[in-house]
Structures are given as C-alpha cells and as structure tokens.
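Next up: a single chain in structure tokens, the form predicted alone.
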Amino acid sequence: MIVLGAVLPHPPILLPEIGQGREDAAVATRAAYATVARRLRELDVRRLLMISTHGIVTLGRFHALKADISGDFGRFGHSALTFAHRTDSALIEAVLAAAAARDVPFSAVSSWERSDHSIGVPIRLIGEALPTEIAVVSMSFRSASDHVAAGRAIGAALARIEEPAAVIASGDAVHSLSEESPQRFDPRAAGVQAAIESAIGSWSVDALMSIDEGVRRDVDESVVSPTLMLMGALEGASRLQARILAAEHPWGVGYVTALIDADTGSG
C-alpha cells in the first residue's frame, strides 16, 4: 500500500559536485530532500516508484524501464559523476498489468536516457533511504486526464502490495521566471508558478488541470504532468495530508518540494 508521496525538483546544481557552492542558493530545497529521505526511513518504505520527466517521453505512450537503472551527468560536464539502482521488476510488471486492464498505453523498455537527471538527482540525494530496488516510469505528452489515469493504474498496482510503498513525482516547475532563467523570461511565468504551488499545496487535481497547457509549454515547466500521475496514484487514499516543504526560485527557475502522507489501504 502507498504510505507516502513526494514531489521533488531535480536541478543537477543541487549536487555539490556540480553546484560547487551554488547549491547554497537552494538550501531549503536540499533540506526538504533530507526530510523526504528521513520520512522514507521512518515509514520503512520497501517499494518505491519514481516518475521521470526526462527518460523516454513520447506523444502517445507512457513507458516503464525494465532494466536496471544507470546513468551519469555528462550532459552537465560531469561524466564521472554517476547514478545507478536496481529495478523492481515485479512492480514494473504489476504496473503494466494494471495499465493494460484500464486501457492505459504503457510500454516496457530496456533502455533509457543515460543523462536522465530527473532520476539521477533524486537517487543521488536520497541515497540509502531508497529501497534496494525501485521502479521508474515516464510521463508522456498525452492529456492531463490521461496522466491522472496512468497514475490510477500505478495506484492500483501498489494497493495490492502489502509492504509500505512510496511514489515520487520528479519535476521542475517554471523555467522562465527572470532574465537569469535558462529560458527566455516570460511575464506569465510568475502566475503559472503561483498556480502550481497553490494546486500542490491544496492537493487539487482540478486546480492543476486547469492551468492552460499552451502557457505551461511557453513557460517551460515539467512538474504538472508527473504530479497529476502522483495525484491519480493517491486518489483512493482514505487519509491524505499534503504539505509543501520548500518553494524556491533560484536562477529564475521554480522548484517545489512537497510531501504527502497517505493511507491507500490494500485490496
């Protein structure tokens, strides 16, 4: 059963080896990561699924990695800095079966983007608090409602597992908040960032789905889709408490870290 959910940003600059001191501009986000790791230990989480935004992302389908996870940060000038983890094959098969039963287009793949920092950063920062094996799936470019449906399939698979389980949605928010941004400044960005933070803080799927998809693309955000999948996974929770641990905007980018305590029961 799912006992915990989390929304985690994934800027590689959070890693000291890459940030080289610049990560201090996001000290609250790093502290929030430590809180998530501590909560995973406290709840003795044995099964964990992570939703990627940079793995295999296509227009028509969601994807699940059936091979072991491995990669590096060569894209960011640090090819010697690596990440790796064993894959929970049984959980992947359970998700694929639940998706097929619900006509959700999910495919198993044996290769993944090696520079997927949306997985690499959480693996590096959560470290030994992760279970021995984890499952990794990707978002897609399908509709918002399709992401919720994919999340429901994930939730159905994990609800049948008696061990404590967690789902992590990895995604950065708006990338165009200021002239310092990696993308061109967009005057609509602050409004979208505020809407995202409000929707996550209130844990409202309707509020998150109401953010205009075209504007979302324009301001370059990647947290809405994986969070909608997480919301779908937690939809059956009899108890749910969401709280934002950190909301920071260094370097003109929005980062939201949230923790969701849940009880989805079993069945």
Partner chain sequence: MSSSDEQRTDLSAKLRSLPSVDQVLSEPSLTDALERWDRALVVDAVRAVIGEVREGLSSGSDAACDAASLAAIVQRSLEARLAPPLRRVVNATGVIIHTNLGRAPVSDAAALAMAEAARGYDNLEYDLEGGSRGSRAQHLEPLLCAVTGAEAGVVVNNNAAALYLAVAAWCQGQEVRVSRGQAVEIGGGFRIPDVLLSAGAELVEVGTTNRTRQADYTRLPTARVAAILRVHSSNFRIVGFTEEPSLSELRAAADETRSLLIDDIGSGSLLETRRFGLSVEPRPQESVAAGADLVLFSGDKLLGGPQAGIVVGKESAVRRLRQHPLMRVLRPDKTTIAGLAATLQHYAAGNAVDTVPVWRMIGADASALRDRAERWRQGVGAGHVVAAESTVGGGSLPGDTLPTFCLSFEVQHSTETARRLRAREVPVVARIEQRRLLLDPRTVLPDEDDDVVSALLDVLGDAQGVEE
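All figures in this text were calculated on a predicted structure; none of them were measured in a lab. Positions refer to the first chain, counted from 1.
Omitted here: the form predicted in complex with the partner chain. The next part is about that form.
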item: Heavy atom within 4.5 Å of the partner chain in the model of the complex - the one residue of S89, S145, S79, S178 that qualifies; value: S79
item: One residue of R61, R30, R46, R39 in contact with the partner chain, assessed in the model of the complex (non-hydrogen atom, 4.5 angstroms); value: R61
item: Candidate stretches 110 to 118, 162 to 170, 190 to 198, 149 to 157 - the one whose heavy atoms come within 4.5 Å of the partner chain in the model of the complex; value: 110 to 118
item: Touches the partner chain in the model of the complex: M209 (any heavy atom, 4.5 Å); value: no
item: Contact label in the model of the complex: H85 to the partner chain, heavy atom within 4.5 Å; value: no
item: Residue contact check: G55 to the partner chain in the model of the complex, 4.5 Å heavy atom; value: yes
item: Non-hydrogen atom contact R239 with the partner chain in the model of the complex at 4.5 angstroms; value: no
item: All of E23, M229 and E235 with a heavy atom within 4.5 Å of the partner chain in the model of the complex; value: no
item: Heavy atom within 4.5 Å of the partner chain in the model of the complex - qualifying residues of 221 to 253; value: E221, S222
